[in-house]
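So this first bit is one chain, no partners, the form predicted alone, shown in structure tokens.
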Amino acid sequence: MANEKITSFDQLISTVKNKERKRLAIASAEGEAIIAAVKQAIEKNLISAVLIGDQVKIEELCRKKRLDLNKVEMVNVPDSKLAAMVAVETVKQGKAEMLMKGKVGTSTLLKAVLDKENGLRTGGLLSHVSVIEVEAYHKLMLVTDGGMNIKPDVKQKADILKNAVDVAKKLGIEKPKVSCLAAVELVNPDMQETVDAAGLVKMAERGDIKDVIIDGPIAFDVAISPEAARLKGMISPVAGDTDIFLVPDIASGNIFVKSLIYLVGAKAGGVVVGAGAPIVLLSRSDSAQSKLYSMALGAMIS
């Protein structure tokens, strides 16, 4: 049976509340914002948590934030590198369904994730998917990859797209509409993203990328506005109704998402996918709301 299509974060949280609670393993959980977010997620019945790190500091923060110590599991591993390894091992052993970065460096956590013997490698490419809700658009926007791959080539973009399609399906979008974003709608050899976009469309036509309706190269205005498409004389199956926005590189994706968050108050959550479990990689500047949405997203797709 297909999942109900999720069109807002309120609906996502409501859906996750009614599912079996997933366990979240947090590497180096001794952060005030982390504990505050975990408390909120537990109170909303979204997750259960394994807090891995300096237990003395974690317990102190739990008392400060009034998080009931009986509602979380703790593993005392004060060293951040070891905490990352233990968190990954916790997921690998099936004692948690998703992983989260606490007060540990992203590179340290990803090194543990990608360890050939003890990590969560699947043979696929890791990529980041941001899920955005903005009042001006009629459904959730999946933006990728603004967080992991710096300048992906066309093969990597195909893998990034496949990862995003997997996330879309978990959100009830059975055949997502994909816009391969560029500045123009014509292939220009001097603009590599337009060449890559045309290649991805051809790959989808041949069945190398499945379960998508895809177009590109396509400018952002056409991707979100049927009126823009009409004025440009563009006929596209994704015009004004895009689900997945495939960006050319990490810089454009990062700028795109942060512009929506800071300028128009978009709601946002994000996860890294392509490993053996979803990974919640939070920035220090992420709001408590964004942290909560990211946890809910991880629970939904795990």
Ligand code: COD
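Here the structure is a predicted model, which is why all the values come from computation and not from measurement. Heads up: residue numbers just count along the shown sequence, starting at 1.
A second form of this protein, the form predicted in complex with this ligand, is not displayed here; the remarks below concern that form.
Enquirer: State the residue from K232, K169, R121, K95 whose non-hydrogen atoms include one within 4.5 Å of this ligand in the model of the complex.
Expert: Checking each option against this ligand in the model of the complex, the one that comes within 4.5 Å is R121.
Enquirer: State the residue from N254, S48, S236, Q40 whose non-hydrogen atoms include one within 4.5 Å of this ligand in the model of the complex.
Expert: Of the candidates N254, S48, S236, Q40, N254 is the one lying within 4.5 Å of this ligand in the model of the complex.
Enquirer: In terms of non-hydrogen atoms within 4.5 angstroms, which of the given stretches 112-120, 189-197, 214-222, 84-92 touches this ligand in the model of the complex?
Expert: Single hit among the candidates: 112-120.
Enquirer: Could you confirm whether S80 comes within 4.5 Å of this ligand in the model of the complex, counting heavy atoms only?
Expert: Although this ligand is absent here, S80 would stay clear of it in the model of the complex, with no heavy atoms inside 4.5 Å.
Enquirer: Contact between G147 and this ligand in the model of the complex at 4.5 Å, heavy atoms?
Expert: Yes, contact at 4.5 Å.
Enquirer: I'd like to know whether M203 contacts this ligand in the model of the complex, with contact meaning heavy atoms within 4.5 angstroms.
Expert: The answer is no: M203 has no heavy atom within 4.5 Å of this ligand.
Enquirer: Can you check whether I250 is within 4.5 Å of this ligand in the model of the complex, heavy atom basis?
Expert: Contact check for I250: yes, within 4.5 Å of this ligand in the model of the complex.
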